[in-house]
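Read the single chain below, which is given as structure tokens and is the form predicted on its own.
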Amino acid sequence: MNSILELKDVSYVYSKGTPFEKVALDKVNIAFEKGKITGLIGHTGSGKSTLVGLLNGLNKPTEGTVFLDGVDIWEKPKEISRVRYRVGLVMQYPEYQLFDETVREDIAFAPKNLGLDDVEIEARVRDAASFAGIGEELLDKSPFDLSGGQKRRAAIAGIIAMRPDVLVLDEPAAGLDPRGRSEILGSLRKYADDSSASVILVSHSMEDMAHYCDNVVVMADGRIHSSGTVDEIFSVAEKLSKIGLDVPSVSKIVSALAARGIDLKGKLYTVEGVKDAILEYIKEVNK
């Protein structure tokens, strides 16, 4: 596996040594591949958000190690900010990451801190704005004058401008209309493919996971319940149902058809896959 970011035996305990002690992560081992989008799913309280906070050093593991390119990110604590430029994090409510006077200055903040020259900074601002769907007419506006969706795009652009090796996004498309979801998530696919970056996507939408991800990690009770390719995870959707997670809507259709003796074959967790499987089934029946 060509991994860039890896957790080995990572545990995280809140309020350790107090009556309020809570184990949020328990001996987690997971590796994230270059050029791949990994979906992270699980119930509220499963440990997803805690794990996300460990990936770029916002929090330090209680036990275990987070490796970036094989190096412990906490080996030199005073240099943890360097890790945060390589592992970009878009939080669940990214609009709260905005703070500068204009959208342009907000997007340029990280490139300036990287010590880049003005020409490179401007190029990165324009590339990141284009990536996130921020029009030229919005760059000189105050980020606080933008709509909710536009604020989210601006915050994502600010992280993309760092050109991180690992891009972590917590529900980046929440609240966006279908077109907005498609544009943002489609752009993430292109970013992973073009830059060979590892993209880690936290989402409650199983459809998004099935459509855009290469790999999926399922979390439950602070542990890794299962992990594998999209095919491997969604081909046994009943296991997700047993731990109370929803499955892609089309998977329910497939189950209903199976109960009526219609056994489909193929990638049965996306609309396109089920459509192809139904057409193939009809073709076989009519032979």
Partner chain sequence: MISDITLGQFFPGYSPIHKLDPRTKIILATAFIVAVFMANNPVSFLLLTLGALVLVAVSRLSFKVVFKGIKPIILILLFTALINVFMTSGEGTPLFELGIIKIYTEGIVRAVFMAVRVVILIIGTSVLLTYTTSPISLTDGIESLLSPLKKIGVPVHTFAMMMSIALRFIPTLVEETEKIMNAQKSRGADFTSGSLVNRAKALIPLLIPLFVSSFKRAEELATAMECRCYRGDKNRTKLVKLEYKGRDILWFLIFAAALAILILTTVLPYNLDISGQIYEIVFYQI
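Numbering follows the first chain given and starts at 1. Computed from a predicted structure; not experimentally measured.
Another form exists, predicted together with the partner chain; not displayed. Remarks below refer to it.
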- Task: Name the stretch: of 151 to 159, 186 to 194, 133 to 141, 116 to 124, exactly one has residues whose heavy atoms fall within 4.5 Å of the partner chain in the model of the complex.
- Result: 151 to 159
- Report yes if any heavy atom of Asn215 sits within 4.5 Å of a heavy atom of the partner chain in the model of the complex; otherwise report no. no
- Is there a heavy atom of Ser205 no more than 4.5 Å from a heavy atom of the partner chain in the model of the complex? no
- 4.5 Å heavy atom contact, Ala129 to the partner chain in the model of the complex: no
- Message: Taking the partner chain as it sits in the model of the complex, is Leu58 in contact with it (heavy atom to heavy atom, 4.5 Å or less)?
- Response: yes
- Query: Of the residues Ala173, Met91, Leu146, Val166, which one places a heavy atom within 4.5 Å of the partner chain in the model of the complex?
  - Reply: Met91
- Item | Residues of 16 to 39 having any heavy atom within 4.5 Å of the partner chain in the model of the complex, listed in sequence order | Gly17, Pro19, Phe20
